[in-house]
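One chain comes next, on its own, written out as structure tokens in the form predicted alone.
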């Protein structure tokens, strides 16, 4: 979104339209495709809500053969990149429309066309990427995230972007906790040093650096300006060792987030012990589990996230046990923010979960439904499958926010309705369920009935949890608060 005066140098085929943003009047809007980077997954077309009423099947964006458009759209893309990004302090990014004006700092990943994981990473990079430190478990996300010599993690025009690293499969949670502890120690030392230089840099600046809020984008921008001023005033103290320490640490005074990212194979299985330890520690880390319900990167082996009745390697006759409820385990601690999301069902709930998790001063866990080629269907319909999973009650959407307890509000919010379709209406769209029906119909039907019962039991647990007014305010027979 930009000033229409900038269009004077636009290529002849460059497209724009009036922007309908109340906060920024008089602007124009362009949605531009990078023609040589489009993988043809068509998810954007499937998600597009704007339909041509005069031509059935046509939308505001449509798939079309590339060769005829390659040259003109490449020129349009280059011009598009020259346009300024929207000022992050000029608009609130708590709505889907506004949030998508933010520059992605995760792009062109090389993941499978239509991958269900990458949209969550793209959103995370838009919201927090310019101040994020990311620990990435080995798996799909580490392969397309660090496919050397290139990487999809990038930086903005100010040179800010995510700091990203991958260690191993089993230790990613501890790897990320180490980042958090190191960052916390650096912040502690910087805050300890600041008062010693009040006379050199000014009492007002020191007080603002130590006490100013850092919640909004405006707050963050103001703190960054204060850090720039601090650095300038410290430059003249080259002979002072502690001044040089503070100069080297000044940037940590701007709030940063630590994100621990990985798949279900890591979070539910191989790295679960470490993940449980890190979440239980109470430290301020954000965990994003990209749940494909199978070991996707190593060939489709069954994990503890694999649902009953699904076929996978090591579960060739259909898995006969229900999947592990990682979210409920984390909720049982009472002080961990937990959200279960599916972008295809509710992009608004997904956005809210990310914003709340990052704002929560403690451990947070987001479990994101991620469709995958291992599920065996046309990923163009990935968002529709996510919606069906929620409608079937298989993947209830919820947010558990301990901060709400202090406000006298229910900590557990159920963001989706009860089952409205049978589980098979969702499951049998996918080869991982359907193949057992073809090879052993009796076993498939038996497992599907059991899986349907799993759905009802899970929904009843969540429904009752949502009805609890506040966690931790029950009373015992003596009348004393528990």
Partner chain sequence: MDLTTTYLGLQLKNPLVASASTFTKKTDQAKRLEEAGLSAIVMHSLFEEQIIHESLELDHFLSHGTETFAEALTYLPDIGTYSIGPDAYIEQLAEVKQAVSIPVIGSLNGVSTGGWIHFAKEMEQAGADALELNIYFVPVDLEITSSQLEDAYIKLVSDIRQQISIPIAVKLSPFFTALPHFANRLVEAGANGLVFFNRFYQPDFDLEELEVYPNIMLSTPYEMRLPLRWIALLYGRINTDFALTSGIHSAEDAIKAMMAGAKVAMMTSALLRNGIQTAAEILEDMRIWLEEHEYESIQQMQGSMSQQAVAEPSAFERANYMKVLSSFGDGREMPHTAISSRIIHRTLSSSADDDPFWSS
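Positions refer to the first chain, counted from 1. Treat the numbers as computed from the prediction; the structure is a model and nothing was measured.
Not on display, but discussed next: the form predicted together with the partner chain.
When contacts are judged by a 4.5 Å heavy atom cut-off, residue 454 does not count as touching the partner chain in the predicted complex. Within this chain, residue 27 is remote from the site of the partner chain in the predicted complex, having no heavy atom within 4.5 Å. Proximity of residue 155 to the partner chain in the predicted complex: non-hydrogen atoms within 4.5 Å are absent; the residue sits far from the partner. For the chain shown alone, residue 313 is a contact residue for the partner chain in the predicted complex, at least one non-hydrogen atom being within 4.5 angstroms.
Comparing 189-197, 248-256, 305-313, 170-178 against the partner chain in the predicted complex, the single stretch with non-hydrogen atoms within 4.5 angstroms of it is 305-313.
For the three residues 297, 431 and 435, a heavy atom within 4.5 Å of the partner chain turns up in the predicted complex in every case.
Checking 108, 412, 360, 377 for any heavy atom within 4.5 Å of the partner chain in the predicted complex turns up a single hit: 377.
For the candidate set 425, 417, 51, 70, a heavy atom within 4.5 Å of the partner chain in the predicted complex is found for exactly one residue, namely 51. Of all the residues from 139-153, the single one having a non-hydrogen atom no more than 4.5 Å from the partner chain in the predicted complex is 143.
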